[in-house]
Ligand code: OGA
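Just the one chain here, laid out as structure tokens, in the form predicted alone.
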């Protein structure tokens, strides 16, 4: 039986607004509590962590992910087996077998978004492990929403402190209409959960902009034109390159990001190239804003 091993990891920041490489750890081996605490502290500080050169089968991938909490079940997909031995793993891929896609998202660009923000309960974060990568393209960008909030003008912070936004559930991050939903032209009619525009992280007590995704978002109680103008202003600010860092994938990379304070996106890539990733996400709770975290 393998026993947990304690090690002193090395954390090397990317030099960008977020992200760090974690070395000195083999995630195929059990991780003891002291080592896990180092990883968790680094995650809270850097929002996105990268572990390079890992060799993980699905059980070991899930064992590490479960250190952070209970995992969500993967959404049902046509390519997944009915009797799936690892129901918490989502396959992200453009690969087709006998004309049937084995995974989600394909080769398309995914716009800036926060995972599952259209639900009342949203995941804490996600882990994504690279099994096959294209020779170019398919890079994943991450953006620091702490920094985006901190650099807002003071009057804009005050303006949005009591505002909430509806997050459209009808389309995915690639802009595709989900099965069973109708297309809409008025964001006020969009289905989806309502969350505060400022989100307080329960672990760090820091505040972040919480925008979800832009299409069909609506700020509750505002005239549509005013909602659109304010959202456009917030998105123009939050999507600045100074808040972002991009992951260029290699086989064996494991990336984990904090869904409560970071957005992400993906570049498109050649559909003739193969890309295969396994993803799992950590079950979370209801996003909230704590006014007590704001300095008087």
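Numbering follows the first chain given and starts at 1. As the structure is a prediction and not an experimental result, all values here were calculated from the model.
Below: the form predicted together with ligand OGA, not depicted.
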Determine whether any heavy atom of residue 140 comes within 4.5 Å of a heavy atom of ligand OGA in the predicted complex, and answer yes or no. yes
May I ask you to state whether residue 264 is within 4.5 Å of ligand OGA in the predicted complex, using heavy atom distances? yes
Do residue 72 and ligand OGA come within 4.5 Å of each other in the predicted complex, heavy atoms counted? no
Can you tell me if residue 115 lies within 4.5 angstroms of ligand OGA in the predicted complex, counting non-hydrogen atoms only? yes
Please identify the residue among 190, 130, 219, 92 with any heavy atom within 4.5 Å of ligand OGA in the predicted complex. 92
Identify, from the list 148, 105, 124, 197, the residue with a heavy atom within 4.5 Å of ligand OGA in the predicted complex. 105
Contact test, all of 206, 210 and 237, partner ligand OGA in the predicted complex, heavy atom 4.5 Å: no
Tell me which of 58 to 66, 25 to 33, 264 to 272, 40 to 48 has residues with heavy atoms within 4.5 angstroms of ligand OGA in the predicted complex? 264 to 272
